[in-house]
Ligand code: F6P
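Form predicted alone, single chain, as structure tokens, below.
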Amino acid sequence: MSSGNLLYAQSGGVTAVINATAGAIIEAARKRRQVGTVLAARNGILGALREELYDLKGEDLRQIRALAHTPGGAFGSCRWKLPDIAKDRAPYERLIEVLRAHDIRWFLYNGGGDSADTALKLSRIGAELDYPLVCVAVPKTIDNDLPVTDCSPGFGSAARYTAVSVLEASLDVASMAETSTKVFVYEAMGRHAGWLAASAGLAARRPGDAPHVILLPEVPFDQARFLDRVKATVEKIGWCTVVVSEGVRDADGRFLAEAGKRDAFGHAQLGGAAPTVARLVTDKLGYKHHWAVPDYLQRSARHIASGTDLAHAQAVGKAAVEYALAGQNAVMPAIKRQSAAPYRWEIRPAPLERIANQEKMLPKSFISKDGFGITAAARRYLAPLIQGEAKTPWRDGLPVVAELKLALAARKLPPWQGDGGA
């Protein structure tokens, strides 16, 4: 493929370092002669459907580089999944129409498993409709549940936030426990996989340190065993810190806290496991409690991001451009761990067939025998991912973030009237 334009888009929940990946992609693509213009879709794949494409050629390089220390999604993200092509071909045909109109030959989609599915589907429809298109999925998720890759960019920073927050809050609880709060419950994101909740275990440097109980999605919740552990901990040291994953289920497979709604990917909308568990502690044991649901804070805290995570995010971005321009269709740059101590890694292409719509769960070898903690193997895996400093520039006491112009490219087609809005 000799020349054309490159389109980048962000999908799913954003992270502290997804913009670092974006910046690496944009800067790398700008240096390549084959690439005429780098475009970014507004709000993910929906922007491509609606022909809402940011033309990035007017963006200052300093602001592109500032994306490395800017959380959120600079171009907007979305939760929207392409339908089964056998049932509805219209969105696919529209996407190819938009790509053709703007001479886009490379599409890089930055997201998780559902985004890998979108990239895979587009790569196939491009070939079917005889349009020369190379699709590369770029990994991102704080859930760390993407298969094949050792870890997912975004996870290391969220894991660091979790471990730091649990450590610091536990010192607060310990200081007040005699006359006030006995039990503190912290809720971590993670849906079906317990990676982020498990990372809280790094806060414990010695036996008996907090967190004293970690409730993981991989271990069915047993109310009696949980309450016995909390009571024993409070009676022994005077207080107890509990970390609960939002995706914890009971023995029948029901989420402890499900909002009763589903997102556009079909996933149950979660949140509220911490107050549910905290109320249970007070109702059954009588202990005063406090709980925290950090929600977006855990995925947007760029100011304490992991240096390892930032390096991963930028490396997968650069590799994605290389793979795309080399014609490696339907792949994802995956992180391959070479050693844990010292931590060494490399980037290798992985086929999307092995990634799309798949989930990597916390292995049994990472979960303590009692089901309430993590093992030494888990520590060896997790520890390198939260290390290193990711420099954040400050001005007037606040972090400096990128300020982009975000000029939309001129439309060339009639508005899209299908699912997803016009």
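Quick caveat: nothing in here was measured; it's all calculated off a predicted structure. Counting begins at 1, following the sequence as shown.
Below, we refer to the form predicted together with the ligand, which is not included among the displayed structures.
Contact between D309 and the ligand in the predicted complex is not found at the 4.5 Å heavy atom cutoff.
Residue contact with the ligand in the predicted complex: L202 places no heavy atom within 4.5 Å of it. At a distance threshold of 4.5 angstroms between non-hydrogen atoms, G156 is out of contact with the ligand in the predicted complex. Residue contact with the ligand in the predicted complex: R191 places a heavy atom within 4.5 Å of it. Only one of R299, R160, H212, R105 lies close to the ligand in the predicted complex, with a heavy atom inside 4.5 Å, and it is R299. With the partner omitted here, the residue from C240, V243, I142, V136 that has a non-hydrogen atom within 4.5 angstroms of the ligand in the predicted complex is I142. Screening 172-180, 231-239, 142-150, 92-100 for residues having heavy atoms within 4.5 Å of the ligand in the predicted complex returns a single hit, 142-150. Contacts to the ligand in the predicted complex (heavy atom within 4.5 Å) from stretch 10-49: G13 only.
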